[in-house]
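Consider the single chain below, provided in structure tokens and representing the form predicted on its own.
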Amino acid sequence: MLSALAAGLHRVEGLFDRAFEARFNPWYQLGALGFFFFWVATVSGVYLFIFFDTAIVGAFESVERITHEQWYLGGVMRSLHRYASGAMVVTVTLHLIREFVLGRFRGVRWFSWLSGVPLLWLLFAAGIGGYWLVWDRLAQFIAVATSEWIDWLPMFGDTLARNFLTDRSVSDRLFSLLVYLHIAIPLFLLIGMFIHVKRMKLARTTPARRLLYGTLAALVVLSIVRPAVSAGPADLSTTVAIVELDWLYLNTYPLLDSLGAGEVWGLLVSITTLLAVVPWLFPGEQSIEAAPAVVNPANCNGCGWCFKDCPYEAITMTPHSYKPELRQAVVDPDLCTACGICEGSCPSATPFRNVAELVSGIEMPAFPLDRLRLETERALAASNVPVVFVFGCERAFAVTGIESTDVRCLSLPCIGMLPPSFADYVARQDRVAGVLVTGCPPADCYFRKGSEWTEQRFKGDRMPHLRTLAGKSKVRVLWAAAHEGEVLERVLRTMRTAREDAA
């Protein structure tokens, strides 16, 4: 089921790739956009708070003054606050769906998934509380419905609903409490957001600059063209019969009438519980492929390259086991995702070493360096004509499907596992006309940093890098997601043509 959904998602993302380019595709930066919308809502909210009257009798009038008398700034800020909050709901929801469809909740990633579930409650609580503060007819409806909904819980009885029976019962003290809650809940949300990304090194919390500016411009234009306005002052002596709901934040309120308070509580708790146990409901296949990286102290010189490159902070550096002057890498198996990026970063991971069994300082039990060398040599030996050799990624376009007599392919769990020395090694073979290195787009690498680090290695901006003239002249890096096979094949045709012209 997930594979079919993933295929459909990739097709949608492909359309956005053509419209935005992969590095600016919003689908690849939903988490970062969520952070961005949070900060837009925070900055605009601070501005609104400066002019907001926290007294119950002055709240509505102060919002009206901000909206209409200060329309050129205050009105825009109010609209930005509302639209950024709504956009955060959209991006967070899409982010959750996308991570589920792509299976990015399994294994050690359970922590990020599980820590994100309570953030949904905080996000909706912050947004719903913001509607109360306007104290218009919509706020009155929300206040009465929410208090009755909460009062269903045995611990409350009907004490909360009494506060909204008449205008006199709503005191300034209660309203001030609502203001403080609207400040405190987003603070807890922010803390939770950083806990959510705690296990990720260099987690992306800011979208690409062009996407950021374009999104902000769109929000400003929307705020000017369709400003947020109030629905008339609240009057607890009357009953609100018709309101225009914000379906992003207030989608559960119609259910209170149709199902009842207890049933809605049951529904939300059930959904929350289901989300929380997703990593254990869909564990995926448990095999040696998921075994964490292992360190071979005899070949570890303490360079720290694997420590710098691990996207999940699974590696630390400690004093060496038996070489006092050196350090040694240590892997935390509870944090390792078995991506193999550390194997690609190790300076001892080179096929040019003249040893019977090739062992590097750190490598994957399921795909050790010696296996990588043997499979590379086996793929080279399978053809006796000049070839283009392709190193690919299992999570990106399936390169094994394009093999032919003059195209040899080797697919890795993550392209970040590939040491540049292997591209050097293959490029130096006389019958290899070119080497193509491909994988997920850097903006959407399944293991977060595999493609980005690989690109930097092959450019010479990150260690290790290409060292032979053949490697620097014959190797080409091209990123191709699962839906971008035609791009890869087009480049292969170009490399074949260049080979034939050289011949």
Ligand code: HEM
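These figures come from a predicted structure and were not determined experimentally. All residue numbers refer to positions in the sequence shown, first residue = 1.
One more form of this protein exists, namely the form predicted in complex with this ligand; it is left out here, but the text below deals with it.
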Between this ligand and P351, P419 and V426, in the predicted bound form, does every residue show a non-hydrogen atom at 4.5 Å or closer? no
Hey, of 66-74, 465-473, 47-55, 34-42, which bit sits against this ligand in the predicted bound form at 4.5 Å between non-hydrogen atoms? 34-42
Counting any non-hydrogen atom inside 4.5 Å, which residue from A145, V92, L410, A125 sits next to this ligand in the predicted bound form? V92
Just to be sure I understand the contacts: of G116, P386, G129, P186, which is the one whose heavy atoms reach within 4.5 angstroms of this ligand in the predicted bound form? G116
Since only the chain is shown here, I'm wondering whether D246 would be in contact with this ligand in the predicted bound form (any heavy atom pair within 4.5 Å). no
Is R373 close to this ligand in the predicted bound form, meaning a heavy atom pair under 4.5 Å apart or at it? no
Can you tell me whether S223 touches this ligand? I mean in the predicted bound form, with a 4.5 angstroms heavy atom cut-off. no
Evaluate S112 for contact with this ligand in the predicted bound form, applying a 4.5 angstroms cut-off between non-hydrogen atoms, and reply yes or no. yes
This ligand in the predicted bound form - contacting residues of 180-196, heavy atom within 4.5 Å: L189, M193, H196
